[in-house]
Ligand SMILES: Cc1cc2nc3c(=O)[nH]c(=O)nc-3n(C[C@H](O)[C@H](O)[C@H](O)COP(=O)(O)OP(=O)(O)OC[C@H]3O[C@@H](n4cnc5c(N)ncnc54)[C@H](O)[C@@H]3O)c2cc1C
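Before any questions on how it binds or moves, here is one chain, the form predicted alone, in structure tokens.
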């Protein structure tokens, strides 16, 4: 064990990574505090896609039964091109559990995970102002002036993590070269509720993810020079003009956007750090290794991180050994998924018309089973190697 007594743990951030980590640390008898800068812990965003590895982790953690009524099963994923139609199609409706893909409203996932917390203390409307470390623990000063002592601190505060910034500054951030908008719309029966579609254009694309309750989660991406800049405050009229023409269903959903408040904008980045911890402070999820969403791995990676970190703290001889074990277990897998997602985004966002035509024709020639097999190998077949203590 890292300590013969229960540890006092601060989790910074009340998102998926922070809540799941708190659940697991509670189960191991630790005292957990979650601090969240928002006055209420609210989910940000519309829908989440949980791929085969994320679903497998929910089962491993004993959370799947509670969540299953809120999940929406996906049976097929298509990549289309505006000019050539369907380029590839992944079939998910067979009996292979490794092909399970579900969508869920972020609010439902968030609320059901929160329901599993029993003893965790919630501190809302507060942020961390200052960390001061010693070999024995971390002194934390909060924005309201309070000071508390913790054995360890876990930064689960997302892609724009203040915890990471306090440790590494702005190091490790790489802008992907494109940004995205997300929004929810009503399907109204115009779209197949079992199908995820991503349509590639020239320097932009549009995606549709069906959700429970007759809703769809839409995302639209376009190339830009920086993570905010010219697109961050785009008005609705300009947005509609930019993303019309991706298909009749896409046009139908775009027309449902009537106010800019419906659009959630993000400049997309990768976070690649030489380490995910410093002393007794450790990073989890997007705070440690934020990645582009092209493989929809944000939530699944957060679940995996929380599991491995909890296991490391359970089995490590010291906090430093546990954090090192966690990082060594996770970094190769995370980097492989980051790189694959980055590469897929670059292909999808090609801006040259003639290169797009070449891309579409070449992609259409690749057998679907090759692409699907490659994805399954990346997300499923290598999974256990990164949870095994022997591989640390």
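Computed from a prediction, not measured in an experiment: that's the story for all the values here. Residue numbers count along the first chain shown, from 1.
Not pictured, yet referred to below: the form predicted together with this ligand.
Trainee: Within 4.5 angstroms, counting heavy atoms, which one of the listed stretches 291-299, 111-119, 73-81, 200-208 is next to this ligand in the model of the complex?
Mentor: Result of the contact check: 291-299.
Trainee: May I ask you to state whether residue 268 is within 4.5 Å of this ligand in the model of the complex, using heavy atom distances?
Mentor: Answer yes; at least one heavy atom of residue 268 falls within 4.5 Å of this ligand in the model of the complex.
Trainee: Any chance residue 349 has a heavy atom within 4.5 Å of this ligand in the model of the complex?
Mentor: So residue 349 does not count as contacting this ligand.
Trainee: So, in the model of the complex, is residue 31 in contact with this ligand at a 4.5 angstroms heavy atom limit?
Mentor: Residue 31: no, not in contact with this ligand in the model of the complex.
Trainee: Taking the shortest heavy atom distance, is residue 16 within 4.5 Å of this ligand in the model of the complex?
Mentor: Contact check for residue 16: yes, within 4.5 Å of this ligand in the model of the complex.
Trainee: Sort through 356, 337, 35, 58 and report the residue having a heavy atom within 4.5 Å of this ligand in the model of the complex.
Mentor: For this set of options, the contacting one is 35.
Trainee: Tell me, out of 106, 99, 173, 314, which residue has a non-hydrogen atom within 4.5 angstroms of this ligand in the model of the complex.
Mentor: Contact with this ligand in the model of the complex is made by 106 alone.
Trainee: In sequence order, which positions of 49-72 have a non-hydrogen atom within 4.5 Å of this ligand in the model of the complex?
Mentor: Contacts from 49-72: just 49.
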